[in-house]
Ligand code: MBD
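First comes one chain, alone, set out as structure tokens in the form predicted alone.
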């Protein structure tokens, strides 16, 4: 996927940027009791122990796993590994008690403090941004069907080569990122370029694991969104594209049928997709 003018981002570089971005955002932390720590950690360890027994793991395999874990830490790839292989299950558990639009994973490529934009807007992009123009429209409502004025859609996505600003060389800061504020009827219209599927960085230990297991490292094309408003629970989600490659084999296992857009071809060669978000009080 690399070109002569845009080198492919490295796993180490992406991991470092993802770690820095994670640390720069204030995250909710649970006040965890010793009993809860014991319960969860014991369950995780028991699962590992049982996998070793069930699969007759040998000492050389154990040592290889230990070396790999060290490399993941030294390479700064824990955000990449956890977001790709673990986060979708945490989100699945959280969704059991949530109403409104379906959620999905945040992923490692979120950056805070994107430019605030009006309800009808173009996402920041290069003058020669490649790809097919996509107009993304919709409305934000509450669970009772009332429009939510002033809701914020923090949206970001890859370019037509699968690269994110802030995580790849030669892409301007803030490219294809923004916080769109809905109008007094909760409506929005965002003009951008349709993203491409992308391959997670494979030149580090996460990529070595994927190769050793003979898995593919691809994610389907998608839009990332954080959708929220005062007095409402913020939704973290992703929207995919009908018929898109890897939609049924996402390496992160984060796709859901409720989150698939059906873009319509327009007479001018652009595409248009509509999606309404529903926020619950919280």
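Source: prediction; values computed, not measured. Numbering follows the first chain given and starts at 1.
Unshown form predicted in complex with ligand MBD; subsequent notes refer to it.
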query: Contact flag, residue 72 vs ligand MBD in the predicted complex, heavy atom cut 4.5 Å; finding: no
query: Exercise: residue 188 in contact with ligand MBD in the predicted complex, heavy atom 4.5 Å; finding: no
query: 4.5 angstroms heavy atom contact with ligand MBD in the predicted complex for residue 205; finding: no
query: Residue 256 within 4.5 Å of ligand MBD in the predicted complex, heavy atoms; finding: no
query: Contact stretch among 241-249, 217-225, 32-40, 54-62 - heavy atom within 4.5 Å of ligand MBD in the predicted complex; finding: 217-225
query: Listed residue (140, 176, 84, 180) with a non-hydrogen atom within 4.5 angstroms of ligand MBD in the predicted complex; finding: 84
query: Among the candidates 168, 153, 80, 123, the residue which, in the predicted complex, approaches ligand MBD to within 4.5 Å (heavy atoms); finding: 80
query: Residues in 139-163 with any heavy atom within 4.5 Å of ligand MBD in the predicted complex; finding: none
